[in-house]
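The chain that follows stands alone, in the form predicted on its own, written as structure tokens.
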Amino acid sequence: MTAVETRVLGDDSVRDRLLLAAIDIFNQKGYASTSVREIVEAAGVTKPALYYYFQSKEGIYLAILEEAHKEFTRCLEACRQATGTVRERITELFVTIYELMRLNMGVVRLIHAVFYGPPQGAPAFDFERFHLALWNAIRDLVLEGVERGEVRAGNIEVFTLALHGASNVCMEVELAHPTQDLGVDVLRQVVDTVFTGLMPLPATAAS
């Protein structure tokens, strides 16, 4: 380890550079084909720096995913605590997750590559935590909407699936076809369109 690295080992910028380099190379080459040497060279440090922060290639990979899950959970909790109508809070929940995805596209691509792609020899990680946390957040809001009369009575699971699916399509388009650049406004319109179908029916229509 160089004298300069010794002085900056406590500097988060070194750790951040390692994380960003690892995300980039994992996406380019896949987890199995990426070496520690390639990560540290891209980050502009030497191997002891990576070992200091993460112990191994497996460690930096898991740190990427754990930090992504931590930030994802923080955003969900903030949306749970927000005020306003259920419709407003559901919309803002999807907008928040959408913007988080756009800010962390490299991590999202890595998650998709490992979860949906062929095995890469990567350490086990419970990716289902992301889906389950978002599903429960949406479902809880839908249920609250029914209880408050903002959402018509019906199958909560189906309503949750409709909202989740609509927002997920927007995110998948952004991920697979970034040149289309749907943007937050389109996402809001999509969610609004679905939510309109979940509103209580007028008395005459219901009868």
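Note that residue numbering follows the sequence shown and begins at 1. Because the structure is a prediction, the values reported are computed rather than measured.
Another form exists, predicted in complex with another copy of the chain; not displayed. Remarks below refer to it.
> Within 4.5 Å of another copy of the chain in the predicted bound form: all of Gly117, Glu157 and Ala162, by heavy atom?
Each of the three qualifies.
> With the cut-off set at 4.5 Å between non-hydrogen atoms, does Met105 touch another copy of the chain in the predicted bound form?
Met105 lies outside the contact set for another copy of the chain.
> Does another copy of the chain get within 4.5 angstroms of any non-hydrogen atom of Ile23 in the predicted bound form?
Result no; Ile23 lies far from another copy of the chain in the predicted bound form.
> Check His177 for me: does it contact another copy of the chain in the predicted bound form (non-hydrogen atoms, 4.5 angstroms)?
It does: once another copy of the chain is placed as it appears in the predicted bound form, His177 has a heavy atom within 4.5 Å of it.
> Give a yes or no for Ser13: in the predicted bound form, does one of its heavy atoms lie within 4.5 Å of a heavy atom belonging to another copy of the chain?
Taking the distances in the predicted bound form, the answer for Ser13 is no, it never comes within 4.5 Å of another copy of the chain.
> Using a 4.5 Å heavy atom cut-off, which residue among Ala78, Met101, Ala133, Ala113 comes into contact with another copy of the chain in the predicted bound form?
Checked against the cut-off, the match is Ala113.
> Exactly one stretch in 142-150, 64-72, 50-58, 23-31 has heavy atoms within 4.5 Å of another copy of the chain in the predicted bound form; which is it?
Contact criterion met by 23-31 only.
> May I ask you to list the residues of 185-199 that have any heavy atom within 4.5 angstroms of another copy of the chain in the predicted bound form, in sequence order?
The stretch 185-199, when checked against another copy of the chain in the predicted bound form, contributes Val186, Gln189, Val190, Thr193, Val194, Thr196, Gly197, Leu198 at the 4.5 Å heavy-atom cut-off.
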